[in-house]
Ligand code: NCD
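One chain follows as structure tokens, the form predicted on its own.
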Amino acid sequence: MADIYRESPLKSIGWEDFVGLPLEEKGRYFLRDGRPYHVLIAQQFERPTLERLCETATRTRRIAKTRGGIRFLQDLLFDKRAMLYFAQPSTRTFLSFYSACQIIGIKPAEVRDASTSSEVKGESPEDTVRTFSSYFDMIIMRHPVGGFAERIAWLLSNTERPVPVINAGSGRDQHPTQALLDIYTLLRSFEDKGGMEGKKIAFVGDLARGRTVRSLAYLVALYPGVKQYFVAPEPLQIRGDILQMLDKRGVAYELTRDFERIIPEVDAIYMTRIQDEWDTADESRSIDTTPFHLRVEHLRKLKPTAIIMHPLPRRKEIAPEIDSDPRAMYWRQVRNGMWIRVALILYIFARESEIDRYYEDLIS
């Protein structure tokens, strides 16, 4: 197994220089021997790594269908411990990571409320997380402050006890593992429909403040010929930095308010809820989002081969009656999230080759 504790590339750059780098340049500082070590931003992933992770996720879930396979998986990382530090409310992401750790034998611990840690005594969040690194082999963290996970990764990489940091949601900026499970869902959904290339994908709802869309838009851009539609009321439309990234990569996209028009055109609809937890003056109440809700009558317009996605939780943007439609993939997304996170952790600890060997024996 590779030594994941050797000197980090983040040790070679000062914080002020690092934080000022473009996102695409930051990614190389999160790698060890060409593989993810810290997982902090969607921009650190390229297509070969994505597809390797997806392959590992699919192989792992097939191994887990047998009792012998479950025992094999639980032995892989039985000697590791992970801290789940969730300073922001979460259901799916927390339980997904917690379950992923259990599947491969990692012993998880949790802090889900800063009031239960020494932060309530005035300890800085940085000192709190550095304390975690004394006890655990990996830190999985969700924090309301954008960029905080990057700060922690840099800080720990400049200590004698560097450990991998996984960003499980950072402010309004990034949610890279949600993007991984979303791309995994897209690839699985289209594997018998010609693949991702050339597809049309619509992002609908609160795109200005939806970190899942910001991360996924980048990963989708790695696949040739995919057109992205951003469907939202003007105050909630996607921000300019994402559009600049798409322009730089030569990706086709369209900004529109006309949800009804694009429904028959697209191969995937990615719905999002309004992100009013980021309101500063209750401004979301003044925005009418009902024209951007997916209703039962829309299903007649949607392609039979199209899929419907949602990062959840949802409110009224998808009618519950749609859940039974075979094109509704959002509950599958939830389960896919657990398996892609299993694959990611295995990849960080350089154990994916053992999955390959067991899988080949299983199917031979």
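Values in this document were obtained by computation on a predicted structure and should not be read as measured data. The first residue of the sequence shown is number 1, and the count goes up from there.
Below, we refer to the form predicted together with the ligand, which is not included among the displayed structures.
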Mind telling me which stretch in 245 to 253, 73 to 81, 267 to 275, 158 to 166 gets its heavy atoms within 4.5 Å of the ligand in the predicted bound form?
267 to 275
So, Ser96 and the ligand: in the predicted bound form, are they within 4.5 Å at any heavy atom pair?
no
4.5 Å heavy atom contact, His175 and the ligand in the predicted bound form:
yes
So in the predicted bound form, is the ligand close enough to Arg211 to count as touching (4.5 Å, heavy atoms)?
yes
In the predicted bound form, is there a heavy atom of the ligand that lies within 4.5 Å of any heavy atom of Arg151, even though the partner is absent here?
no
The single option of Pro326, Pro313, Gly34, Pro48 touching the ligand in the predicted bound form, heavy atom within 4.5 Å
Pro313
Select from 180 to 201 the residues with a non-hydrogen atom within 4.5 Å of the ligand in the predicted bound form and write them out in sequence order.
none
